[in-house]
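Next up is one chain by itself, shown in structure tokens, the form predicted on its own.
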Amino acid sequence: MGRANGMGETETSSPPHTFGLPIPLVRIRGVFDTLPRSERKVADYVLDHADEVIYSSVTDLAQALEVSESTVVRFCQRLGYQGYPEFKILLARDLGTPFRDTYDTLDPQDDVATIVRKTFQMSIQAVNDTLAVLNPDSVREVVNLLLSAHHVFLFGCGGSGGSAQIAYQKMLRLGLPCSVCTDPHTQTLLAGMASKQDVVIGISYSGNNEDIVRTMRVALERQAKTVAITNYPISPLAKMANVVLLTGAAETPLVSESGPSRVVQLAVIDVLCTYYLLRQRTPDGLS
């Protein structure tokens, strides 16, 4: 990830490549509840006035919201962008996509039929948003690592631990030498056994799970190849990974640690396994 490099923030800054970066409106929904109050003010405005933002300078936006320009820049960087110019370019592109629908929040007063509909809609939206942010080049890179791996270690805690368990079963069926662990203490010990020829995959929706981050840090010290499956591109877990596979699920208090985030984690795992299988069968026929 690591695109931030201390460059000055000006309207004429030349942004890097745009393909595969998180789509702004998807990312805003994903991180909204974690934003500081001042940045949440920016997020609310962008979600409600995206058409206007793409024509506004950082100064215009800051003055309209009565926040500092640095607040706007930090907001963009928290989404995984280098700064405001790059954010605007991808926001403009985002306005031509179907991913602007908001998640329909569950309510304790909803009847059964409404709960069924909203639950399915949230999962469908999460899959669509993940399709928008998942970079095919990153998928290719991970599968290349898997094809040459001596051993694959899969780590996750809580709900993400369940995703790691399913990934383990799928990879075993593909003949991949792999192991899975969801116990925080044992994970660190196993990571300490990894080698340069091994791949370590850490799964965490928030990317802030201290146990997973510590485990990945140990794996890096062992010079293993590290892969993160996470919703947050600038999370501590993402910073510990050689390759990041992004998901795009926004959670609500009623479905935290379950639901859409697990659906898209499994979808990403399915993508890896499918591409791996096809590469095995036609090693020279797929790009």
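What you see is a predicted model, and the numbers here were worked out from it, not measured in a lab. Numbering starts at 1 and follows the sequence shown. Just so we're on the same page, rigid core means the largest C-alpha set that superposes within 1.5 Å between forms.
Although not depicted, the form predicted in complex with the DNA is the subject of the following passage.
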Would you kindly say which of H151, R140, R74, R117 lies with a heavy atom within 4.5 Å of the DNA in the predicted bound form? R74
All of G202, N208 and R214 with a heavy atom within 4.5 Å of the DNA in the predicted bound form: no
Please tell me whether any heavy atom belonging to Q223 falls inside 4.5 Å of a heavy atom of the DNA, as the geometry stands in the predicted bound form. no
Whether S38 contacts the DNA in the predicted bound form should be assessed with a 4.5 Å heavy atom distance threshold; does it? yes
4.5 Å heavy atom contact, G83 and the DNA in the predicted bound form: yes
Hey, in the predicted bound form, is S57 touching the DNA, heavy atoms inside 4.5 Å? yes
Quick check for you: of 240-248, 30-38, 44-52, 214-222, which stretch puts a non-hydrogen atom within 4.5 Å of the DNA in the predicted bound form? 30-38
Can you list, in sequence order, the residues from 66-81 that come within 4.5 Å of the DNA in the predicted bound form, counting heavy atoms only? E66, V67, S68, E69, S70, T71, V73, R74, Q77, R78
Core-aligned C-alpha movement of Q63 between the shown form and the other one, 2 Å or more: yes
Using the rigid core as the reference frame, would you say N242 shifts its C-alpha by 2 Å or more between the shown form and the other one? no
Determine, after fitting the two forms on their core, whether L220 shows a C-alpha shift of 2 Å or more between the shown form and the other one. no
